[in-house]
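As structure tokens, one chain now follows by itself in the form predicted alone.
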């Protein structure tokens, strides 16, 4: 019965699409006295946990994902918390980013949280090992993991400047650190995350950004324990809620001196 009701809900959500490539229409009003966070890639994993924890803290949450009609867990969370607003967004589609930014041009966004990323499936990962590299994959990795967050920062900059906290925060990876990266393969994922780190570090140093007092941060969430990593014999594994709560705490206490830096979910600095 629950699955049946979810199907009905998803059908209704699809009917509310303004047009292909446009965000979902939503009637709920945000609390003007509460801070606002926008989370990309919020239908599962770290993004979904960010939505869950920020909503529980009383924040206004703009939760974006590529296919809201298929985001069962996110839809259930929005049923539980009235302060969650779901929007359709694919960070590869710059027209969609611009359309959503126009929709929220008068909405202060305290934390723009770039979480959406691409790791790859088994076939794509196999094409990331030396000796059988599939160079056609590079474009997808860099457009998703590096260019997407940079475009989000540019498009939503005005909304961030309007806010009280003025923070652009991005989930990166330890694999984007030249010094701390480990293991074999993942050439394109590592390269795209290193590019992301450089983009955000460079962004933090822009005169326009510094004059507006916007803070820019990068995070390594740690090796999240899930079905893929649970049995790996590696140090530093962490449960997802612990990682996300740690990152939220660091974001809450982020200072101008930290802007442009790369940090673990614990607040410790990650070497470039």
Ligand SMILES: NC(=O)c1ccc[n+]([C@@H]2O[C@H](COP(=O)([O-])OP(=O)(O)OC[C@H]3O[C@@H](n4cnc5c(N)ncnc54)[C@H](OP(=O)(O)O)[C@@H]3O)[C@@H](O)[C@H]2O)c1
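As the structure is a computational prediction, the values presented were derived from the model and not from experiment. Numbering follows the first chain given and starts at 1.
Separately, the form predicted together with the named molecule exists; it is not shown, and the next lines address it.
Check: So which stretch, 130 to 138, 108 to 116, 155 to 163, 78 to 86, is the one near the named molecule in the model of the complex (non-hydrogen atoms, 4.5 Å)?
Finding: Selected stretch: 108 to 116.
Notebook entry, point to check: Heavy atom within 4.5 Å of the named molecule in the model of the complex: which of 45, 246, 217, 35?
Noted result: That would be 45.
Note to self: If the cut-off is 4.5 angstroms on heavy atoms, which of these, 55, 69, 203, 224, is the one near the named molecule in the model of the complex?
What the structure shows: Answer to the contact question: 224.
Margin query: in the model of the complex, does every one of 90, 173 and 189 come within 4.5 Å of the named molecule, counting any heavy atom?
Written below: Affirmative, all three are within 4.5 Å.
Next item on the list: Spell out, yes or no, whether the shortest heavy atom distance between residue 177 and the named molecule in the model of the complex is within 4.5 Å.
Entry: No, no contact at 4.5 Å.
Notebook entry, point to check: Can residue 144 be called a contact residue for the named molecule in the model of the complex at 4.5 Å between heavy atoms?
Noted result: Yes, residue 144 sits close enough to the named molecule in the model of the complex that at least one of its heavy atoms falls within 4.5 Å.
Notebook entry, point to check: Quick one: which residues from 193 to 208 get a non-hydrogen atom within 4.5 Å of the named molecule in the model of the complex?
Noted result: Residue within 4.5 Å: 193, and no other.
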